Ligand code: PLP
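Coming up is one lone chain in structure tokens, specifically the form predicted on its own.
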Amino acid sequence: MTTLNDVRVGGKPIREWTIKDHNKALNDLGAHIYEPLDGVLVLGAGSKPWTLKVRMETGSGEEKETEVVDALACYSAVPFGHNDKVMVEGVQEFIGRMATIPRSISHEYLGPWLVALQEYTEMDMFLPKNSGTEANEAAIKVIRKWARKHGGKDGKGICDPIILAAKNCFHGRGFGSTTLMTSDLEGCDIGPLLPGIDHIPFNDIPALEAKIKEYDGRVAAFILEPIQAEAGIFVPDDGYLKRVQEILKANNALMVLDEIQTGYGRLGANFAWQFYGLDTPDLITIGKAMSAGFLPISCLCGKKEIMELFTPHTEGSTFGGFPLAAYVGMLTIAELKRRNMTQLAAESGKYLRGILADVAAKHPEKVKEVRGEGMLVGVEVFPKFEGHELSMGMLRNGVYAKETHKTNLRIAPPIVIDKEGMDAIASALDKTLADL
């Protein structure tokens, strides 16, 4: 039987491709949207769920396969690690039963999945999508729908609503999601961006109050990440999110939380809004860990009086809620509950942050700060050091992690990682900082 690795591409079987072959194909044919680390991932589980096999070049130019600890979990998308037995068997059991069907007819897992989502998220209604940015695009649409019907000081609607977003946030790569962000993107020749969106600093109550006063009843919503992940794992002050919610309620504006990286147990609660003791938000967007990393799944979740503003033909998705997505999404929630993953994240996160802080204390001239909650941790080095070099050093020392915003290293391993695996992350960080 011929396997795909036997197929000849570029004049040779895929199994004979070198790292240089892979890099050349990426550099010549792939749009340059990432700055990848050297090496090629070898598909197939490592010896433990939180390890990966990577083929790397040695100092002599030879290629060697090595096993590394995964400290990224695909940006928090892989809570159970790689090739989890229960998830793999579930997907294998489903494959072959059906490809996909449109949402114009239901299927036997869609309704049960929506009920499972309601029980797990504590929200009222759901719009399944595929990627996080799609969920945030849908959020922008329904915020504007709600604002024009029910927004404003008197609740009678706003003609020209304003959506506030936090500076240095990350909400995806769609056009609306991009507008919510404050990177210098208009200078990259993609502007003008969407109108009706303004930005305020994260973790700044006076800035929120000032903008609400400035727009005098036109603010429809404030969308923000509870913890700014892509920006470098910036954690809000105690009481910040609660005060934000109080101010928005007092001004008849919606609180919209992007929980795509903070949800599904990573902080030691199902969602960050529960972790911080908030009332139920008006809308949340979720994704990444919804399928334990096996499929691209996302969802806009919200209160009924907002979500019911979607009507037939005003929104849709070919693959949103398709049979395999619903099946895997339901299985993920069941496994998170069965394994009590939120408690595990709380306990392991405390240990992980502690040992990383100990390493940082050994290198005060290099590490500015260690911060985070649960299993979402950031290590920030001083600006004179290069984050990509830090990431490459981690990989050479047996840990896959990735820099964000130049000077921040994101550490977010699979929640199931044990102390030995976390110790390996700390050891690699210690060695890498020493050589930085």
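Each residue number is its position in the shown sequence, starting from 1. Here the structure is a predicted model, which is why all the values come from computation and not from measurement.
Keep in mind that the form predicted in complex with the ligand is missing from the display, and what follows is about it.
- In summary, among the residues T121, S348, T133, T332, the only one with a non-hydrogen atom within 4.5 Å of the ligand in the predicted bound form is T133.
- Heavy atoms of no residue among R266, F275 and L376 are located within 4.5 Å of the ligand in the predicted bound form.
- Of the candidate stretches 142 to 150, 349 to 357, 111 to 119, 252 to 260, only 252 to 260 contains residues with a heavy atom within 4.5 Å of the ligand in the predicted bound form.
- Residue contact with the ligand in the predicted bound form: F170 places a heavy atom within 4.5 Å of it.
- Contact annotation: K288 falls within 4.5 Å of the ligand in the predicted bound form, judged by heavy atom distances.
- In the predicted bound form, no heavy atom of D282 sits within 4.5 Å of the ligand.
- In the predicted bound form, the ligand lies within 4.5 angstroms of a heavy atom of only one residue of 223 to 239, namely E225.
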